[in-house]
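Taken one at a time, structure 1 and structure 2 that follow are two forms of one protein chain, written as structure tokens.
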Structure 1
């Protein structure tokens, strides 16, 4: 959430910056509400001062033996009017707050300006895509050929955009998770946490999923009914819980309404969780396979840091995600997202894209963002600075990595002509020494 005082003093400039993100700030509505707020606030202050002055007269009049009924009536009338203005002020402030909750973060000065992913800037590449001397298969054909990936049964159980893995593929999926957690905890200094998968609306507001992206969430209601919330529902938030779209939500909210001692910074956490997304805005993209699912697993990295150190932390966090791909020997590139392609809460984002041979392209496998104080302001997450005063923290998050997409990359990059898939050296110890998944022989 942006600082409202910044909007009050620099609205024209802020609106221009937000326009670079493709967001149109409601200037006229904001100015109208602000003018109304100022008038009512002034009237409220006047009534408070008048009531205090009149109340003092009561004591003086009583000491002189005078009738105070008229003064008491005036105080009562002032009190009634004051309640009305206070209620009006609260309603206007609520409307202003609602505007703020739907405004995205301001992009950092270093973010390239652009309208879409076509305007993102490549920062670096690592690894060389493999040259195949046989016809490349996609991960769907590979997994089904191994008899280990079953979308048909998953659809029977749950519907489209779900998967079912068996045997060695399920074990490889688990091995990837364990490998990522071990790397981040043992080599990169993260503390592993186990977090709830059902989260309250306050937590969703804190990291920016609510209210703007409610249609992308799975909401859980009393009685166990689960459905996608209607963003046009005007009855307020009726959900008891939401299924987490990413572990970023519960981890970052650990510091909601807290004042963290300076010596505890930076705080670095990692968690493996399933993630649940309705994919309401995907418009039919990646409907087949493991790329875009309603349920998928992810190892998430979160850093909570001193404001002066957040951009160094962003480079570090992206490097930690890259480390996983390097250990797995998977080619990738790092892209700096442009203003029009960044997520709602981000001030700057790097997307790490892994090479997928069957698509002959790089696809996102991790998104690493610095949210600066945007989430912290929504959560009132603060630390006690060098002067001993409370100040807003900076929060960062990134995938380290998306497990399903990493599995896709391994199946496609490590495929062999006979349909088998070699197991990356870094994962073989997690697979009981298995170095290859082979196609079962037909009886």
Structure 2
């Protein structure tokens, strides 16, 4: 959420900046609502002040035992008018709030301008894609060839965009999460947290998934009841819970409505959770394989920091995600997302893309964003600053990493001619010393 004062004083400029993201701010509507708001709010407060003064008078008079009927007559109609203006004010502020909640964050000055993925800017590359002297397979063929990856059964259980892993592959998947968590807690200074996967709508508003992106989520209704609780307003249509699309939601919301002491900053949290996404609007994209699933695991990094330190923290956070790929010896590149490709809440985002040989391209495996005060303002997440005053925090999040996609990268980059897959050295201790997953011999 943007600061409404900023919009009031600098609308033209902000509108221009938002246009770079492809967002059209409703200038005219906003201005007329604001004018109305100002008039009605002033009037309301005048009436309230009068009521308070008169009520106080009555109190005084009564305590002196005087007759108050004259004063009472004077304010007979005040109540009605006040109620009317209060209602009007509430409606207008509701409308303004609604507009505000759907406005994306302002991109940072350093963000490259552009319309789509094609305009993202490459920052750096690490590692050299391996040259294979045999015909390579994609991760689906490798996994199925090993007899450890089973999409058919997953489809029977749940449908498309689900997967089922067995044996050493399931263990490798688990090894990856352990390895990532251990690295971030032991080397990068994060505190591990275990969080709820079912989250209420307030939290989803806090990090920006609601109200605009409900169709991307899975909603959960206690006892399977989906009837509208309160048909009078939209809030009544909200589900009891939503399945988290990322651990960013529960972790970041830990500081919702909190005032954090200065000395507790920066807060650095890591969590491993499953993530659930409806993937509405991505029909036909990455339909095969593990790349785009309704359910996938992710190790998420969240930093809650002092506003002056958030850009340094973003570089650090991206570095932490990169560390995992370096330890796994997986080639990658880092992209600065352009204005048109960034997510709703982000002021600046680096995507880390891992090399996938079978796709002959780099694919997103981590997305690291500085949301500045955008989420904090929605959440009222604050800290007590140097002069003792509450001020908004900055929040950052990044994958460190998406586990399923890391598994894909390992299968493809570590594949051998005979269909076996070598286990990266960094993971072998998590695999009971196993250094290779081999194709089972036919009997």
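Rigid core (definition): largest C-alpha set, two forms, superposition within 1.5 Å. Residue numbers count along the first chain shown, from 1. Since the structure is predicted, the reported quantities are computational estimates derived from the model, not experimental observations.
- As for origin, structure 1 is the form predicted on its own and structure 2 is not.
- Structural comment: of the residues 261, 212, 41, 364, the hinge joining the rigid parts that turn between the two structures is found at 41.
- Of the two rigid parts, the smaller turns 32 degrees against the larger between the two structures, judged by C-alpha superposition.
- Its Cα shifted by 11.6 Å between the two structures, residue 63 is reported here after superposition on the rigid core.
- Structural comparison between the two structures after rigid-core fitting shows the C-alpha of residue 51 displaced 4.2 Å.
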